[in-house]
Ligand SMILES: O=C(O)CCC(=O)C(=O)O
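One chain comes next, on its own, written as structure tokens: the form predicted on its own.
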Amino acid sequence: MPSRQLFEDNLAGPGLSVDLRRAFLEADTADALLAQLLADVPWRQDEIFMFGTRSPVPRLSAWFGAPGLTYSYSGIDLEPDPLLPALEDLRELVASVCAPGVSFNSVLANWYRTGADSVAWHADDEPELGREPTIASVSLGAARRFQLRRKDDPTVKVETTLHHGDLLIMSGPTQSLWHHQVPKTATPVGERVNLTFRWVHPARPSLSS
């Protein structure tokens, strides 16, 4: 079924608060960070339990944050690794361009090895993230499509392509009203690493989705 409504690149939609900053990181900086993360991050591929069977998650992941900030979803528990110095620096840089008062204490890294790796429709709307969380996402490596759709009307969609060094900031009611995904693609693409900065409230560190 064709989309009833499609907003391309301007990322405008009802209840959608997204700030897309192209080439937020200069190419040389993004190149060096990507190489370091691919080499140094303790990547892991978990299994997800759905419909009575276990299947490998179609990407590799790593979770970084303050001690005790366990990240849990779909039966997967991730214990935080200490933030690498490069991620500490990037966290501060990203927070500096967000709204006043926004800060981050954790980052989820995802490694999309090929076009067969993906993340399905979801929202970062766990209670531990707060009522209207700010989620800041830095893209490194190959360009990939990024899509959003309204929870109450999936025909209302937004789509753009995220490139090497881009920064995408989602805030306001976005997580409560919209889902987002990085779909699979049959087009040959290179590796992509995505860094998603967020604030997890330490009082309730376990997330679920």
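Just so you know, these numbers come straight off a predicted model, no measurement behind them. Counting begins at 1, following the sequence as shown.
As for the form predicted together with the ligand, it is not shown, yet the points below apply to it.
Novice: Would Leu78 count as touching the ligand in the predicted complex under a 4.5 Å heavy atom rule?
Specialist: Although the ligand is absent here, Leu78 would stay clear of it in the predicted complex, with no heavy atoms inside 4.5 Å.
Novice: Would Thr196 count as a contact of the ligand in the predicted complex, using a 4.5 angstroms cut-off between non-hydrogen atoms?
Specialist: Because a heavy atom of Thr196 falls inside 4.5 Å of the ligand in the predicted complex, the answer is yes.
Novice: Does Tyr112 reach the ligand in the predicted complex if we count a contact as any heavy atom within 4.5 Å?
Specialist: Looking in the predicted complex, residue contacts with the ligand include Tyr112, since a heavy atom lies within 4.5 Å.
Novice: Counting only non-hydrogen atoms and a 4.5 angstroms cut-off, does Val119 reach the ligand in the predicted complex?
Specialist: Result yes; Val119 sits at the interface with the ligand in the predicted complex.
Novice: If we check the ligand in the predicted complex, which of the residues in 150 to 187 reach within 4.5 angstroms of it by a non-hydrogen atom?
Specialist: Contacts from 150 to 187: Leu162, His180, Val182.
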